[in-house]
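The data below hold one chain only, encoded as structure tokens and taken in the form predicted on its own.
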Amino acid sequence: MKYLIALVLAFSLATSGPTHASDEQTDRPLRIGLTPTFPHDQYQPLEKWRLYMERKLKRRVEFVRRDRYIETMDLLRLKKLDFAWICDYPYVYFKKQVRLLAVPVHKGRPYYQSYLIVPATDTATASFAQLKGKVFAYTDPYSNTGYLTPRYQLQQAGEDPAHFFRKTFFAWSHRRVLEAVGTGLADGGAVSSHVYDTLSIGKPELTAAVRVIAKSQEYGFAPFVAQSSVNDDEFREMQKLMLDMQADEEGRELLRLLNLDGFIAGDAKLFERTERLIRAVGEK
């Protein structure tokens, strides 16, 4: 009898462990970081997207919003996030610590640009050179379109970005750069073309208050990445969800709300131009 009881206990212990681990994995929500790459005030489409992901993945999903790219990258490095939508600049800089999952497509192409803006009331300024000695709003020190590109453009023109403007400040989001320039708090600024185009639809009063005076070359669109230790099954499931959004009606409607055509599988070659920019400017 004692032998039978011991055998039953041993069998129970052997089978309960894996089941518990599996339940724990299923119960743990997927945490997805969001940065100023997307306007955070667009709550409705983001909440619809979150619920869509939950239904497709059959798992709880949490969006974790941060206003600074470095905060999201820190959460990825600390394994507090599973996935994140970041900028191409931090992707290139931290690419050994993350896995490239998907790249958005906007207006038929997986690229975006930096828009140089001035107040709409400023009808005289037509070039970067005319902003010398004025106040300029940057987005974030890890933003390509909102920081790296304008500094590169000044450097290429033979100017020192550290002394070209009378004053600079970080607004910490593309929307806030638009607001700063539109209200005259700054004489100029630089923003993501996708954020500008998206707000032109959802908040046209913001883009109506500024004027685009220059557009940069194209860069690989701000990518979706996975934290380095995300397992292959989770990686493939999330990638499939994003690539398949164009294939169903609800997914297409979400893409419309996000002002995107869809997503493609990530290709590191898309970010070679950004990598050359980082080397040229010598940032970080």
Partner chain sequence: MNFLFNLSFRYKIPLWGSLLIVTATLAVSATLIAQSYDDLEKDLLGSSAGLGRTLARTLFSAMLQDEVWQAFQIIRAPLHGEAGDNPIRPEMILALDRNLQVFASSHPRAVPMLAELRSLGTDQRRLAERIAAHPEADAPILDLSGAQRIYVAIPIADEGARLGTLVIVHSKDVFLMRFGNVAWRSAGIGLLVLAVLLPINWYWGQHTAVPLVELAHSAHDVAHGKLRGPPRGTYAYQDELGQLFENFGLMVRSLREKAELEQEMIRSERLAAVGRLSAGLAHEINNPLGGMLVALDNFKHRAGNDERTLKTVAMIERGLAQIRDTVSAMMIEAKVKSRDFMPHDVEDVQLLLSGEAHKRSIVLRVEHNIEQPVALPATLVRQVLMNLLLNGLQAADPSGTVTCRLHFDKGRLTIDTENAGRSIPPEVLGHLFEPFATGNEAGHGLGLWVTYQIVSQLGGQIGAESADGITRFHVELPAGESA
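Everything numeric in this text was worked out from a predicted model, so none of it was measured. Numbering follows the first chain given and starts at 1.
Form predicted together with its partner chain: not shown, discussed below.
Considering non-hydrogen atoms and a 4.5 Å limit, which listed residue (252, 68, 59, 65) is close to its partner chain in the predicted bound form?
After the contact test, the surviving option is 68.
Please tell me which of 171, 101, 199, 76 lies within 4.5 Å of its partner chain in the predicted bound form, judged by heavy atoms.
Only one option qualifies, and that one is 171.
Do residue 82 and its partner chain share at least one heavy atom pair within 4.5 Å in the predicted bound form?
Contact check for residue 82: no, nothing within 4.5 Å of its partner chain in the predicted bound form.
With the cut-off set at 4.5 Å between non-hydrogen atoms, does residue 167 touch its partner chain in the predicted bound form?
Contact with its partner chain, yes.
Should residue 185 be counted as a contact of its partner chain in the predicted bound form, where contact means heavy atoms within 4.5 Å?
Residue 185: contacts its partner chain in the predicted bound form.
Residue 119 versus its partner chain, in the predicted bound form: is there a non-hydrogen atom within 4.5 Å?
Taking the distances in the predicted bound form, the answer for residue 119 is yes, it comes within 4.5 Å of its partner chain.
Name the stretch, out of 85 to 93, 176 to 184, 108 to 116, 191 to 199, where some heavy atom lies within 4.5 Å of its partner chain in the predicted bound form.
Looking at the partner contacts, the answer comes out as 176 to 184.
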